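Consider the single chain below, provided in structure tokens and representing the form predicted on its own.
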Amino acid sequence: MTQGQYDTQTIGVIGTGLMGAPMARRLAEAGHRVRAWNRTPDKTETLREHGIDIAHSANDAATDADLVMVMLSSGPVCDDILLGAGSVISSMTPGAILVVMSSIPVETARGQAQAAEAVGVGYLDAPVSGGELGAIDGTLAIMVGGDPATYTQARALFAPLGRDVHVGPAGSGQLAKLANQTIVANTIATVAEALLLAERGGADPAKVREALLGGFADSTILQVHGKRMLEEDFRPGGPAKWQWKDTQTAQALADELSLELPVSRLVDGLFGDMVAHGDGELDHSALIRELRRRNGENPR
């Protein structure tokens, strides 16, 4: 199958939470046969009305699938389901492709790639950026690591979900996602500090944000999360606890590479304190609440 020739595929979807469910719906709407499984079965029920079959187990979702998409919460959870006893990889047909779209450590992705290769299964690590809205709208940024030929074959899966870019061998997708998450986390902290500075100094922070739009300080974070901060709308599009997971992973890799990243280390600490203070389920833009605490204010 060459790029642009996307026949209907049978796709197993493992993980139908905040991101996985809308991604599964988009795949079904694109005409693929989709079979979905989630550890919490209730999260799959609404998918039936979209023509999605509900699998009784992760292995059932993967059996006889051309492509298996994984959107689980962490590296250990992925490893448990993909590589553990009665593993998903062992249920897959040789020649099928496993696409792990979760954010996991680089070494975890490389280990999964080796395990898949050993049984004749293609492997791609393809984490995404864009949050729940991007998953719903099909506008995700998809960072793909793995064999180029496998990537070309898997583009039937990526096309309904967003914009995909192949960035290198297995594990490279996770490296790109860590770079993304570093920029996102650090920029959230910077935008929060700037709005607090404007507010404490006596300006209207909403008007300051408006004045900055279109200038050098403009960014998606200022546009979207700056607005969230001003409106105190912290319904989770990207929960802070998962942002912290990623900043911790980035710090661990930096330490392994003997890299000193002082700004990122500070921001990782801010997110850690935010989670410790009970805000982990809020959107990551709620980091402004942690900064308010540090400045003697009670978060609103």
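When you see a residue number, it is the position in the sequence shown, counting from 1. Predicted, not measured: the structure shown is a model, and the values here were computed from it.
There is another form of the same protein, the form predicted in complex with a further copy of the same chain; it is not shown, and what comes next is about it.
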Evaluate L178 for contact with a further copy of the same chain in the predicted bound form, applying a 4.5 angstroms cut-off between non-hydrogen atoms, and reply yes or no.
yes
With the partner left out here, check for me: in the predicted bound form, does some heavy atom of I54 sit within 4.5 Å of a further copy of the same chain?
no
Examine S264 and determine whether its closest non-hydrogen atom to a further copy of the same chain in the predicted bound form is within 4.5 angstroms.
yes
Might K227 be said to contact a further copy of the same chain in the predicted bound form, defining contact as any heavy atom within 4.5 Å?
no
Check A189, A203 and V208: does every one of them have a heavy atom within 4.5 Å of a further copy of the same chain in the predicted bound form?
yes
Counting any non-hydrogen atom inside 4.5 Å, which residue from L196, A115, I81, A156 sits next to a further copy of the same chain in the predicted bound form?
L196
Please tell me which of I136, A141, V119, V77 lies within 4.5 Å of a further copy of the same chain in the predicted bound form, judged by heavy atoms.
A141
If contact means a heavy atom within 4.5 Å, which one of 67-75, 81-89, 216-224, 95-103 is the stretch that engages a further copy of the same chain in the predicted bound form?
216-224
Though the partner is not shown here, which residues of 154-186 have a heavy atom within 4.5 Å of a further copy of the same chain in the predicted bound form?
R163, V165, H166, V167, P169, S172, L175, A176, L178, A179, N180, T182, I183, V184, N186
